[in-house]
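In structure tokens, the next block holds one chain alone, the form predicted on its own.
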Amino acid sequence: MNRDLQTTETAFGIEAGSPAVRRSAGRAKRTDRTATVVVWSMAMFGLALLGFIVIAICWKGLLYALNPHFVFGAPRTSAAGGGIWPMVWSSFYLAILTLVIVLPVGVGAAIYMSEYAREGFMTRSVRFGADVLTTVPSIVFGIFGLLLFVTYMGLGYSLLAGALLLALLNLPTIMRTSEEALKAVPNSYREASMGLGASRWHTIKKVVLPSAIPGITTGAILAIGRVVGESAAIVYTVGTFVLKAPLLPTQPAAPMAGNIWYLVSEGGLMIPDAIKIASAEAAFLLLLVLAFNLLARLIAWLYKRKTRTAARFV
């Protein structure tokens, strides 16, 4: 082998340990070091920028946001010291209502795409369309919801109009994450169930879906975080300020992201501490979205750990 390698190197005019080989190795090392420095610098810059944004938001309003009187207090229209409880309630109400609408549709579409549909032009087109919809700006969805749900369907500014719009906004994400979770279930589970005489639907309901629940739950939690942090879409469909927490889906509401926009715009001119309330509400919203994302990561990690543990006994 060594003789053949030496013969090949000699044939191409290259000798082991020659100056040409050393220069080439030196250039490769310098290129590798330069690329490593550039990549690490870009990563550190991104992390530093993210950290600066988080610190800037929390610096102004974190202590005020952790005050129970602020979180559970009622807002005020022209006096200082108001709370944000109707906005917190509106955000969670909207998130739950959106999940009630989008989960059956998204998971059902994922089951069909994963378990029933044959791979072909239609399935590829549906996946491509879902991926394209995830890149559409939310402001475009907001104008669409204003025209369709608020004006044409006559729902007005309400939680129901916002939930329908946010269901459309999150449907591609729920569908794609659920489909990937279903595909991650080993085919041996399906084969074993059908080998025992179970039908395809019974196998999906009793074997496949329970195994994919952690992945579907992760997608649902990420959707909740997006709903809670969404602003452009809800400004045109739900509302930006209320004095009392809404009880019916047909009532207007004011999720936190929309209320922050209201406070820093013309709506907050009558409130003396509008900027302070907006900063505290932004800090509270940031912590809330961060908690949802960490919960999704935790569920995904537990699912992977459970999968690795189960694979040892297969």
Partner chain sequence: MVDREWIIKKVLAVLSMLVVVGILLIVVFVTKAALPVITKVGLFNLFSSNWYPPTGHYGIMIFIVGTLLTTVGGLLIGAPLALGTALFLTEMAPRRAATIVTRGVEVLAGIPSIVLGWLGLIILLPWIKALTRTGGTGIFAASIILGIMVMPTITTIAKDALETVPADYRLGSIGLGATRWQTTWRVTLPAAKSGIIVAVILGMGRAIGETMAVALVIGPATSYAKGLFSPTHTLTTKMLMEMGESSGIQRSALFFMALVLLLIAIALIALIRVASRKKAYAR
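The structure presented is a predicted model; accordingly, all values stated were derived computationally and were not measured. So that the term is clear: the rigid core is the largest set of C-alpha atoms that superpose within 1.5 Å between two forms. Numbering follows the first chain given and starts at 1.
Heads up, the form predicted together with its partner chain isn't pictured, but that's what we're talking about next.
Remark: Gly81 does not count among the residues lining its partner chain in the model of the complex, judged by a heavy atom distance of 4.5 Å or less. Its partner chain in the model of the complex is not approached by Leu159, whose heavy atoms all lie more than 4.5 angstroms from it. Although the partner is absent here, Ala56 sits close enough that one of its heavy atoms falls within 4.5 Å of its partner chain in the model of the complex. Proximity of Glu191 to its partner chain in the model of the complex: non-hydrogen atoms within 4.5 Å are absent; the residue sits far from the partner. From the list 100-108, 86-94, 182-190, 210-218, the contact stretch for its partner chain in the model of the complex under a 4.5 Å heavy atom rule is 100-108.
Of all the residues from 27-41, those having a non-hydrogen atom no more than 4.5 Å from its partner chain in the model of the complex are Ala28, Lys29, Thr31, Asp32, Ala35, Thr36, Val39, Trp40. Relative to the superposed core, Ala35 undergoes a C-alpha shift of no less than 2 Å between this form and the one not shown.
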